[in-house]
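Just the one chain here, laid out as structure tokens, in the form predicted on its own.
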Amino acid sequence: MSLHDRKPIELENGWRYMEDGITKLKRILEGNKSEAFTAEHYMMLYTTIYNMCTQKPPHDHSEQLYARYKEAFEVYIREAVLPSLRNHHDEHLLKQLKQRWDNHKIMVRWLSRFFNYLDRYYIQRHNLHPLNDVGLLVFRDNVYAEIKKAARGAMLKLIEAEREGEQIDRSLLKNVLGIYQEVGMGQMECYEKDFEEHMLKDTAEYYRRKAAVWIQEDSSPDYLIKAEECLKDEEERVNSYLHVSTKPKLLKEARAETELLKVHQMQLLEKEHSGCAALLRDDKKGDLARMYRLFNRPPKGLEPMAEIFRKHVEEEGMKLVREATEAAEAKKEKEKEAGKAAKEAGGSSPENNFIRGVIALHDKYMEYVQDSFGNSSLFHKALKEAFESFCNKQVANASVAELMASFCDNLLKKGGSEKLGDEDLEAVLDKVVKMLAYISDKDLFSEFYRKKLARRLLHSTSASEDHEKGVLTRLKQQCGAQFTSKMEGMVNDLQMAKEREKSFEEWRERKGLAGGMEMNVTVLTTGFWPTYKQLEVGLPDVMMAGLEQYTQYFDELNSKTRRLSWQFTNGTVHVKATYDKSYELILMPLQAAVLLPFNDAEELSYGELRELTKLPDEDLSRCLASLTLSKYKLLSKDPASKSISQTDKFRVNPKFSDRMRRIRVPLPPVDDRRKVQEDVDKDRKHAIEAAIVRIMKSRKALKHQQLLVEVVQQLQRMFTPDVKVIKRAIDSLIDRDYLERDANDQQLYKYLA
């Protein structure tokens, strides 16, 4: 038949010619490489279809050709493809399926070119499947439908073999799974229903079996190492041959949330010798980091781990509390037995060791949170709760707030037991201030710190002004400006005092008063400094003259608008004394008032000294004890007992001798813990009343319970107010006509303007 014959081409005649071309294509696909289509042959096949489709009816054979196009695939599949696939199994089946799929796509590509004219006009006009889709649908309905189950079984076998460590042909799996995706015609339904669902079930079952064995045989770290390796392998599996959409399903449904982790989570965390608590105890940071990574995958998977971490840190902290309390009691007993020598032997106190231990504990577990637990907010919260728990306990009958203030004092004063360089000192102070965040009674710390700061400033025992200011800056950043305002005022008072020194000396010269007792006076602003015991002391004339001069100078300077009140419980007096040699004694004003009368008398009784100094018995006894019973026995007493009695007589000790020429004679400290607590309680009462008034002024009317909640919220940054104290404050404000109870509802308060 000639293509140039203008007579219409009959269907059967034209199809016989096309069948010859299709048969040749089949031979090529079956491996006969000697045959090939020439360009001329290809054009003749295309032109035959073109002519058969463009002839006028009844010779337009488009519909019949569309049907025979599909039939050509069905015949080839029935005669060659299916028999070949039925003869193969397992991996060989997959290889044959892949080969047959590749051949089928080649056949579709060539036939769709021969029949291309159908695609361009007939198919579009009749809204039919394009030729490419027809080829795919024929394969899906005839080959895929029959082979999919056997192919899936073969693939699942290979995947399990790979999980057991065997090497498999990953590219083969990728190609076969590509068939499951392509026959879906742009949808994932075939891949998901015919392969993925079954693969996920198999995976879950596989890891259920493995986990049951591992949980019995392995420690938690070994189990989690295997689990993590499996996790990586599954992710690699997805990247190598599974579809990307399978990844979350595979990791979530088949492992992380179920068989390997979620089912056995509490067993893994609580294993006696290798669970989370044991790993924390043994400092196994790497194993803990792995545990965190894995349990971070399931929703809320970290919560049990964070709770174990909190309990462990709290137990470690409580251990420090117990050890410090026991050490303090043991030290007290030892001092009782050994007497004063043991006290003077010094050494670091158990309380200071406790604060150092708390800082080290915080450093250690903060490092865990940052390095092993991914800086997780959940673990930051657990750490905070643990420290808040034991940092608000009593340690050796003292609050941690007081111990922290004492620790800072030891760091900042001259001659403290902590010998640190500037950088190390700054680092430790920074950590102490940060620890303040865990203390509920911050106002108690503030009061103790202020007392000790005052002592350092007034006795010139502060090691560095820069360090003092640095701590105040940190406290201000941590707790706010109100927290440090008084302390900053104290430091400013000291700076003002230095500036006034020169002015006072110039005033004395102008008045012709120079040459008397040298004086350096520090004027303290009453509101900034702690309250001190007010004493009327009978001072020697030389000291009284100096005080009167400064009072006159100050009155002239301030036009008598400010009044001086002398604090004899503070300050120092430098006294020159001659015993076996000349000494310079550094005393407190009270001690100087007791010692100087011996210039005019060889012997004085307790009663005579009391009359001269006007000191109360408590203070006089303390001063005499420091001068007769301490390390520096400047006076001797009769009788020579170990305590001060009102019948004692005193005289200058002629046997006194010391290798140092400059001697500081300390006055036994007064335990002012109770006084500080009383001052803090008083301040808290005022703060609570002020908070109630502020709240009620803005809200006008409020229920009792809501008022309690709001007061606590306002004040808890500085301290946790006691509900009983709040109730008493409310009653007090009602009595003073700031508030009133509603006539119809006793639980409702109203503000009175």
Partner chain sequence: MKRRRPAGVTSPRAGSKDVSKLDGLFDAYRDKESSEDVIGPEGVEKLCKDLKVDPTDRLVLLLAWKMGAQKMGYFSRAEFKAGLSELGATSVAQLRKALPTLATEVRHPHTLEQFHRFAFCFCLTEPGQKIVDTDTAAQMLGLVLPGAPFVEPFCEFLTEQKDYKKINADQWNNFLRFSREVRADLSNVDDNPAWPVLLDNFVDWQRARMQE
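Numbering follows the first chain given and starts at 1. In this text, all values refer to a predicted model and were calculated from it rather than measured experimentally.
Although not depicted, the form predicted in complex with its partner chain is the subject of the following passage.
Distance criterion of 4.5 Å from any heavy atom to its partner chain in the predicted complex singles out 704 from the list 699, 685, 704, 717. A single residue from the set 59, 70, 728, 694 has any heavy atom within 4.5 angstroms of its partner chain in the predicted complex; that residue is 728. Across the proposed site, 724, 737 and 747 without exception bring a heavy atom within 4.5 Å of its partner chain in the predicted complex. When its partner chain is considered in the predicted complex, residue 741 lines it closely, a heavy atom lying within 4.5 Å. Exactly one of the stretches 685-693, 59-67, 37-45, 704-712 approaches its partner chain in the predicted complex with heavy atoms within 4.5 Å, and it is 704-712. Taking its partner chain as positioned in the predicted complex, none of the residues of 591-624 brings a heavy atom within 4.5 Å of it.
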